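One chain follows as structure tokens, the form predicted on its own.
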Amino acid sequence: MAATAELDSLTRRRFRIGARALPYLLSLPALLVCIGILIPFFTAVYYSLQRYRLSQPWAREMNWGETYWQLLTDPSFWNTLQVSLSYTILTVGLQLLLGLGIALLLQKRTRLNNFVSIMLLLPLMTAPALAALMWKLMTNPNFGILSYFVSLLGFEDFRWASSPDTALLTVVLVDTWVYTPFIMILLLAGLRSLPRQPFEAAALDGVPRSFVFLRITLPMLTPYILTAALFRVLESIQQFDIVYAMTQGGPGDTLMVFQVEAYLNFFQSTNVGRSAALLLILWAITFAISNLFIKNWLRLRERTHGEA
């Protein structure tokens, strides 16, 4: 009897230890992911505080943030910031307008609308770099099909991405072609999930469609618009594939966005410290933008719940 009681006590003690350890074991994967994210981040911080060129390893030393001061006093950095923000504002603004317009057109559930919405997703299934190369061929001044159509309109020597005047417009066009379906499908899902009662009441009262859109549809759709805009802003300001594949940041420094400049600093100038500092500044900008969007989204949700 004594041996059986001791065995039961041992089993209960092991069970209690297992129950206490279970939460830590379940959270272990998340902890490993956090470590996997933080190690490269703090490595970049460490490199950004150094004067470090791969071609001059003997001159490597800590400069404690001098690289950041050099960037902030360099006109090329402010040009990079301006180009990145311009690119982001143009692409996200255009894609939101087009995505919302297409979603409104396809809002009604019909077989044709479902088929068209699936077909419109095709650009989203194309790799951005591949899409950029395809558009580069179509806009070639010598044999590109788009250059041919533009020449029919009287623009014989339209240079597309090779001209400083039209390079930004061309790359924004490619980005819009690739990513508008993403916003369209997100807003279409939001439109189809809205409650029908306010719209039915407005129809019974004979409220004009413009009033219904501005005072009912748009406010109820705002959380979806904010979510779509947040995703696209974060991706656009970090754009690399399309810009590099089409122009490599040129002509000149016309399209020198953050990611492209950091890439060129690392692989062409072998300047590891400057490249890391550029990427950390980009991280700070995206962090600030994310906080801004999330705070607005939470404020909007609280207001909606308060009204409800």
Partner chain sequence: MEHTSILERVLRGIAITAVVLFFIFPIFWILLMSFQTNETILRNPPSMAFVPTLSNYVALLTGRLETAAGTLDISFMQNLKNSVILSVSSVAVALLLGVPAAYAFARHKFRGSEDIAFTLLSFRFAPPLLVVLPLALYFQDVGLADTYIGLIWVYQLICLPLILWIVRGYFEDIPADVEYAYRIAGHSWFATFRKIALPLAGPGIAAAGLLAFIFAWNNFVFALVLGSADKQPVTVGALAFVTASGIQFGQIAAAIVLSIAPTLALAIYAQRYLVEGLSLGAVKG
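Residue numbers count along the first chain shown, from 1. So that the term is clear: the rigid core is the largest set of C-alpha atoms that superpose within 1.5 Å between two forms. Computed from a predicted structure; not experimentally measured.
Separately, the form predicted together with the partner chain exists; it is not shown, and the next lines address it.
Engineer: Taking heavy atoms and a 4.5 Å cut-off, does Phe211 contact the partner chain in the model of the complex?
Structural biologist: Phe211 lies outside the contact set for the partner chain.
Engineer: Answer for Leu100 alone: is it within 4.5 Å of the partner chain in the model of the complex, judged on heavy atom distances?
Structural biologist: No, Leu100 sits far enough from the partner chain in the model of the complex that none of its heavy atoms falls within 4.5 Å.
Engineer: Can you tell me if Leu218 lies within 4.5 angstroms of the partner chain in the model of the complex, counting non-hydrogen atoms only?
Structural biologist: No, Leu218 is distant from the partner.
Engineer: In the model of the complex, is there a heavy atom of the partner chain that lies within 4.5 Å of any heavy atom of Ile294, even though the partner is absent here?
Structural biologist: So Ile294 counts as contacting the partner chain.
Engineer: Among Met134, Ala202, Leu71, Leu90, which has any heavy atom within 4.5 Å of the partner chain in the model of the complex?
Structural biologist: None of the other options qualify; the answer is Met134.
Engineer: Thinking of Leu26, Pro29 and Gln259 as one candidate spot, does the partner chain come within 4.5 Å of a heavy atom in every one of them in the model of the complex?
Structural biologist: Checking in the model of the complex: Leu26, Pro29 and Gln259 are all within 4.5 Å of the partner chain.
Engineer: Since the partner is left out here, which residues of 250-272 would have a heavy atom within 4.5 Å of the partner chain in the model of the complex?
Structural biologist: Counting only heavy atoms within 4.5 Å of the partner chain in the model of the complex, the contacting residues of 250-272 are Gln259, Ala262, Tyr263, Phe266, Phe267, Val272.
Engineer: Would you say Pro29 moves between the shown form and the other one, meaning its CA shifts by 2 Å or more once the core is fitted?
Structural biologist: Where the cores coincide, Pro29 still shows a C-alpha shift between the shown form and the other one that is 2 Å or more.
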